[in-house]
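For reference, the chain that follows is the form predicted alone, supplied as structure tokens.
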């Protein structure tokens, strides 16, 4: 079982977490074009290797960012969203 590290609760098993999407995929303005909305919903960079992602730790309800390698599945400890890289 994979272990992720919540910045608020420490190391926990992966089933306690929910993937929130790639970091930097900002929601467009409410009056955006249908094309911009489709881009936001359906198109991702889907990198092979290093990725910056948003995760939710379900028990504490906190969102945080995590650096994860999509090939090896190794993950660095999570950081609060307000923390600098």
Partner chain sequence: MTRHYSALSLLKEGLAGQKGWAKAWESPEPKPRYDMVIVGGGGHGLATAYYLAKQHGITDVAVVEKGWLGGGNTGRNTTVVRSNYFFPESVRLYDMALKLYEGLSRELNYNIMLSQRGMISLAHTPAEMEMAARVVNAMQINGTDAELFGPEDVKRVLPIYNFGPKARYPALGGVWQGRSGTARHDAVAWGYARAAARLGVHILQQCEVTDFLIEGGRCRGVVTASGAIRADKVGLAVAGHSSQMAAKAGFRLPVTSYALQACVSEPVKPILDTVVLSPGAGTYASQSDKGEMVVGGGLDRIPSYGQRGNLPVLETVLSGLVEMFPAFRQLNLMRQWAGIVDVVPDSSPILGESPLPGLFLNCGWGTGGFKSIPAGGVLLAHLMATGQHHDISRPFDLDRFTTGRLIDEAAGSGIAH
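Positions refer to the first chain, counted from 1. Quick caveat, the model's predicted, so the values are computed rather than measured.
Unshown form predicted together with the partner chain; subsequent notes refer to it.
**Q** Check, residue by residue, if 9, 12 and 80 all come within 4.5 Å of the partner chain in the predicted bound form, counting heavy atoms only.
**A** Not one of the three qualifies.
**Q** Hey, in the predicted bound form, is residue 65 touching the partner chain, heavy atoms inside 4.5 Å?
**A** No, residue 65 sits far enough from the partner chain in the predicted bound form that none of its heavy atoms falls within 4.5 Å.
**Q** Can any non-hydrogen atom of residue 35 be found within 4.5 angstroms of the partner chain in the predicted bound form?
**A** Within the cut-off, so yes.
**Q** May I ask you to state whether residue 44 is within 4.5 Å of the partner chain in the predicted bound form, using heavy atom distances?
**A** Output for residue 44 is yes: heavy atoms within 4.5 Å of the partner chain.
**Q** Is residue 76 near the partner chain? Define near as a heavy atom within 4.5 Å, in the predicted bound form.
**A** Outside the cut-off, so no.
**Q** Going through 60 to 80, which residues have a heavy atom within 4.5 Å of the partner chain in the predicted bound form? Please give them in sequence order.
**A** Contacts from 60 to 80: 68, 70, 71, 72, 73.
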